[in-house]
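What follows is one chain in structure tokens, specifically the form predicted on its own.
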């Protein structure tokens, strides 16, 4: 299916071309409150202003400082908005009416795009889980006994989810170096990143479970996540209840949410599962929700890893099914993340604990410096793209954060 041309003159390979049309929340510094926008090439369209100008039936749903009202409307409205946007931006008859509602993307400030409800982080890359098993449990099976039977995850802290560009203060906490007899208190010395993909719920579910087949009826869109991790804090606190302070200090998300409809060409079959999943986790034949996304991790502007999302063992549809199978409810704005994305090759590992093999093989940067873990002043950026219709590229934008000194 060819990508339509736009009167904005957007190149066919622009990651924010007419095949992407991601949603975000922006402000322009003119005193007006944040509002919903749609990225189109180098521009942002003020969606509510455009909708009112065209007397669109969904104008009130997009007239808000967050995406929540639009997300709650459901797939029929989501498709209606996207079809309208495509028509408005490709038919020259709309140019005169819509030009006044466009602003340059480089000039806007981006905000957290939705009100975060609950936050769950999964652990669904077999390569990542196996690497951590080899690093942290040498001589034992690399995967926990339950790993291939269900998508493992933990509940994160929604109140510290921040938008891309927010500075990340090095967390304080307890850590116990192997050589120490007692734990110490201070700033984390092993600050890490995790390159992940996030999914946000639009349509609520009061409980009772969302089947794998119901994924697209409830999930509004996709974005990027950096699940910052203090490995030394995490190691000391992890027994027996799992991640806590080593994870809860900050989770960064990209400002643009890409609708699922933009990723139809990127859908692929997930890896073969052995053993076969139990019934509620089985893929729907002919309706795969593996996604062929190519991530890139950069430290201070330099690429250090390119994790492939297509190799994730558990799909986002299976993650949602598992998240709700016990009767847990869904609310608009609930988000969940894939877990660290890693591939089989060293340059495909989505965290520094893997890239440096727990500090034994530091990553060398172009300026000659090395990183086992992050230093104050480091800037981490995670970007991602996917294949779109024809020769087009679907961009998920970037999530960026700069490490600040500890505040304690």
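Residue numbers count along the first chain shown, from 1. Computed from a predicted model, the values in this text were never measured in an experiment.
Below: the form predicted in complex with another copy of the chain, not depicted.
Taken together, 238, 241 and 325 are fully in contact with another copy of the chain in the model of the complex: each brings a heavy atom within 4.5 Å. Put simply, residue 245 is close to another copy of the chain in the model of the complex: some heavy atom of it is within 4.5 Å. Interface membership of residue 77, defined by any non-hydrogen atom within 4.5 Å of another copy of the chain in the model of the complex, is ruled out. In the model of the complex, at least one heavy atom of residue 160 sits within 4.5 Å of a heavy atom of another copy of the chain. In the model of the complex, another copy of the chain sits within 4.5 Å of a heavy atom of residue 144. Proximity to another copy of the chain in the model of the complex, defined as a heavy atom within 4.5 Å, holds among 313, 215, 88, 122 only for 122. Taking a 4.5 Å heavy atom cutoff to another copy of the chain in the model of the complex, the contact residue among 135, 72, 189, 152 is 152. This chain is displayed without another copy of the chain, yet in the model of the complex the stretch 327 to 335 from 264 to 272, 327 to 335, 283 to 291, 218 to 226 comes within 4.5 Å of it by heavy atoms.
Of the residues in 181 to 217, those that come within 4.5 Å of another copy of the chain in the model of the complex through at least one heavy atom are, in sequence order, 182, 183, 185.
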